[in-house]
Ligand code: A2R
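Only one chain is included here, represented as structure tokens and corresponding to the form predicted alone.
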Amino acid sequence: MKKAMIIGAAGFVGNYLIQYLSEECGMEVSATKLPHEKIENRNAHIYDLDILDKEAIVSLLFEIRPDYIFHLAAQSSVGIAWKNPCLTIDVNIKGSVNVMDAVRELFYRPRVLLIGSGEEYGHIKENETPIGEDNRVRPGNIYAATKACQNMIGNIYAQAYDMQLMMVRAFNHIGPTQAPIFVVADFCRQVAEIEQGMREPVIYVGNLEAKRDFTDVRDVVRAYTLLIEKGAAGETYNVGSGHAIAIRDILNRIISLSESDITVKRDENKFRPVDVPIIEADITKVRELTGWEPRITLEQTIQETLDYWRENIKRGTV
């Protein structure tokens, strides 16, 4: 039985990845979290780990000896990165280097997947859409800059130390259980609260004109698994839907699923200091290597995300 280790599994993607690796792939899964975090999943062995402590990473890797390592641990909110750049740099760059260096000390070569972001491409020119992995990166925010740095260092480690290390640039992934600091979950939560009479029938929004590439999280973890098995060392792969959609269209679709009469108002606090107009993935590389294609439609993901918030707000569990 193959062993998989997910570093930073307490977040949105981690639980879905645990489920997929254990139930669909039949792997023995170990998952790490920070001491204050919770992972309520019986399909994984759970460990506390701070990636800023390299020796702790080394010790845990020698104990578990995983075949596959998924490095998900990150400060992944663009908004929080603007407010706390030092934390973002520490976790996303220093923490990632600690993971890579710990793997380098092992007596064998596990396959490692570093999770980056489509935000790394930054300010995409009109003739660059959809954007491929070889395109120049022009990070437009602090979070994106840290992920671009992780990607470059990962490539160097793969070549210099002969490590089986691959990089992903994941575009916006969405689905049930995602935190409302992200746009689709935020809109769905607001609609669900309006339907329950918990707030006035107004949704507060930031920039609705930005276009983003959205993929269901369940499709994303399937892509991660295929890439850690089949990806080439030192290579970067886009994971996205291949189609950008305006945030305004996402909002309109969510509102259309509600019978409430909802007004939309701007909230200046939801606007970023700098925002990239469009981010859209070229997924040819991952498709040709693995045969992966997104299976879950945007309409299904939105409906299931809204239903998740409706159910949990009604129960008072969120």
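Residue numbers run from 1 along the displayed sequence. The structure presented is a predicted model; accordingly, all values stated were derived computationally and were not measured.
The form predicted in complex with the named molecule exists for this protein as well; it is not shown, and the discussion that follows is about that form.
Taken together, the three residues A56, L61 and V97 all stay farther than 4.5 Å from the named molecule in the predicted complex, as judged by their closest heavy atom.
Under a 4.5 angstroms non-hydrogen atom cutoff, the named molecule in the predicted complex has D50 among its neighbouring residues. In the predicted complex, no heavy atom of T88 sits within 4.5 Å of the named molecule.
With a 4.5 Å cutoff on heavy atoms, P294 does not count as touching the named molecule in the predicted complex; it lies far away. In the predicted complex, the named molecule sits within 4.5 Å of a heavy atom belonging to Y143.
Annotated contact segment (heavy atom within 4.5 Å of the named molecule in the predicted complex): 42 to 50, selected among 42 to 50, 246 to 254, 23 to 31, 261 to 269. Taking I131, A73, C188, V239 one by one, only a single residue has any non-hydrogen atom within 4.5 Å of the named molecule in the predicted complex, and it is A73. Taking the named molecule as positioned in the predicted complex, none of the residues of 282 to 318 brings a heavy atom within 4.5 Å of it.
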